[in-house]
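Next up is one chain by itself, shown in structure tokens, the form predicted alone.
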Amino acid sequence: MHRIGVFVCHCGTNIAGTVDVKAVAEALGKEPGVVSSVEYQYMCSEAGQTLIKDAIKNLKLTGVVICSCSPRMHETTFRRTAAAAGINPYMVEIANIREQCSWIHKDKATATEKAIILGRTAIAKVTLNTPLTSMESPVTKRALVIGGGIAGIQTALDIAEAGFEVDIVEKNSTIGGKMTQIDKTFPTLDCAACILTPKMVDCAQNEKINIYSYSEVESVSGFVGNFTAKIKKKARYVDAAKCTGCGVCTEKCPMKNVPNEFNLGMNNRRAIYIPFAQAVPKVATIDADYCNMLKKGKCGVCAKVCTAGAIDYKQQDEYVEREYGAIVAATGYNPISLENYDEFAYSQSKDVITSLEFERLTNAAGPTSGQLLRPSDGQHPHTIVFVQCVGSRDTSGCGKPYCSKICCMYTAKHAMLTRDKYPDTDVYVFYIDVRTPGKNFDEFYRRAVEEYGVHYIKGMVGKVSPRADGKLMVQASDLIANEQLHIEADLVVLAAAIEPDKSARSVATMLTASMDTNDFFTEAHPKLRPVESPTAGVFLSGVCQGPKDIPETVAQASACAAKVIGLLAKDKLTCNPCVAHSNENLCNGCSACEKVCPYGAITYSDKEFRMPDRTVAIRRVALVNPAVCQGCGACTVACPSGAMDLFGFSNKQIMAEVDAICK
């Protein structure tokens, strides 16, 4: 006989403001099997949990239904409460009457009726629940960090500092990411390389950190605590163990006209190259698309001049498989393509550049050795126009609907540095509004206006037109003065929106992690679990989760590392008992479930069955490894014979909920 207790939470006014909580409790108290139905203001509070414990003990409850907020918030809390009172934690059901009811309705009568229905479905399910027992699985004490920018570097260093081994997989030939291309950082204006390269060196020298540069993660399988990743080490045609990074090969290579991607194509490099002087690892890489030896079998100069004998034209891609307890996504970002913004003449004039290209022009290691020169003629520009929000906050469909967060500050930095180094330069900044949310950010912006005389104009640039004399005619509006402006500029700098790196989508697919419509990784909870993915064991670091500046990225990276350390510090993890199982009498061995299982938890075995005529038949049936299964339910949907079912979410339980809704 079922003895079910129902507990309805007010959640302050979150629920009670739209739902008649007392009416819900009274209605659910009349359901079959319910022996107690009460309401309380904060059921998750200590007093609320005591109320539940006392009811379980005094009324000898066999099942509990909590009508409250999302199970993502407090399911674990209420299960622990039930276990402490002496009943199996999986005899607890949550009816979400906040997110799925009160928050999406304005009419109280409608919301109350729906809350009663949701409570009724939870009661129907809990009557069919059976006690479940959690298993345990070991934890592999090693972490994988995908991406070697400042986010990945900081995360890896913090994890290694705690004594755990870390592998960094970086698709480029060196770690460092976008920060290596930046000259100065706001709001302190310290040298980006000066604060980044010591961390890069620390990574290389830390015995707990292994760097897979010029590599990619090909596949990931497994589950929290027990992931297996296949890493592809791309052939760089240079033996990294032998290369000393002397750079002689990069000086002697006859193929000189290869676009230099590190300088965004604003100058050329050789077919064999080291991206920049402080690269880690400092190992040369041969670009197979331009190397004459690899393409035509002619040349070999780099091999002749290499005294270490590191050049290997026959080198092949290598594959490495490693096991990990936790995985960190730190895939970074890129500026958006400006092909949809031809009104700014980006494709028509070399003197219309992006902010990242401006960084390279002002960097001492850049194509102009730090001198601010126009790309078209190498002359110093005397009038520069900065255009804010190019592609950001754009709801037209051409750009991104979100604010890229960093553009206001780095434009203020660019304007300030330009006026400081070249006082004869007039600098104009066109903006929608200026956003300065960080520590000392607003003071930094005001310095640009008040001390350095940067002309900030609230308005939009409508068109940039190249003229025959090399000038750029900028047509814009000044919304405060209510007038149209025409400015003759020597250089136009576009603050392009940022977007997740193109690899983020494929990485998310491998990790079965969630993404939003803009391809940013989705966190488990935006406030309470901002560095965790909804997929257990997968963590988020840096801009892959959303736009942020360097200080915020470093802070999130350390927070991410703390979560990883907390996981790796455990010897065993408690597994979810809500796993799939196969009814061997119904299974026809079709393999449909095996094909859809994202965790590789299903295998097949030949089993003997005694037929009615006493003959023995051998049939192929599905077997589920409960230690690997994560209870996603994909197999139960795919199974054509209904043989696959899920503990805790059986077909019978789901249909009981449907019947409760419809009655």
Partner chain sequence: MDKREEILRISGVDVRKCMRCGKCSGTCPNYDEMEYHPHQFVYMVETGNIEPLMNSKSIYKCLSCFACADRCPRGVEPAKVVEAVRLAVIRQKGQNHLKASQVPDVLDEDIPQQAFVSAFRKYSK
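Note that the coordinates shown come from a computational prediction; the quantities given were computed from them, not determined experimentally. Residue numbers count along the first chain shown, from 1.
Beyond the structure shown, there is the form predicted together with the partner chain, which is absent from this document and is the topic of what follows.
Of the candidates 289, 251, 339, 483, 483 is the one whose heavy atoms come within 4.5 Å of the partner chain in the predicted complex; the others do not. Taking 257, 188, 585, 396 one by one, only a single residue has any non-hydrogen atom within 4.5 Å of the partner chain in the predicted complex, and it is 396. Partner proximity in the predicted complex, defined as non-hydrogen atoms within 4.5 angstroms of the partner chain, places exactly one of 572 to 580, 341 to 349, 125 to 133, 229 to 237 at the interface: 341 to 349. Contact check for residue 460: a heavy atom falls within 4.5 Å of the partner chain in the predicted complex.
With a 4.5 Å cutoff on heavy atoms, residue 294 does not count as touching the partner chain in the predicted complex; it lies far away. Residue 477 belongs to the set of residues with a heavy atom inside 4.5 Å of the partner chain in the predicted complex.
Among heavy atoms of residue 195, none comes within 4.5 Å of the partner chain in the predicted complex.
Although the partner chain is not shown here, in the predicted complex the stretch 640 to 663 places no heavy atom of any residue within 4.5 Å of it.
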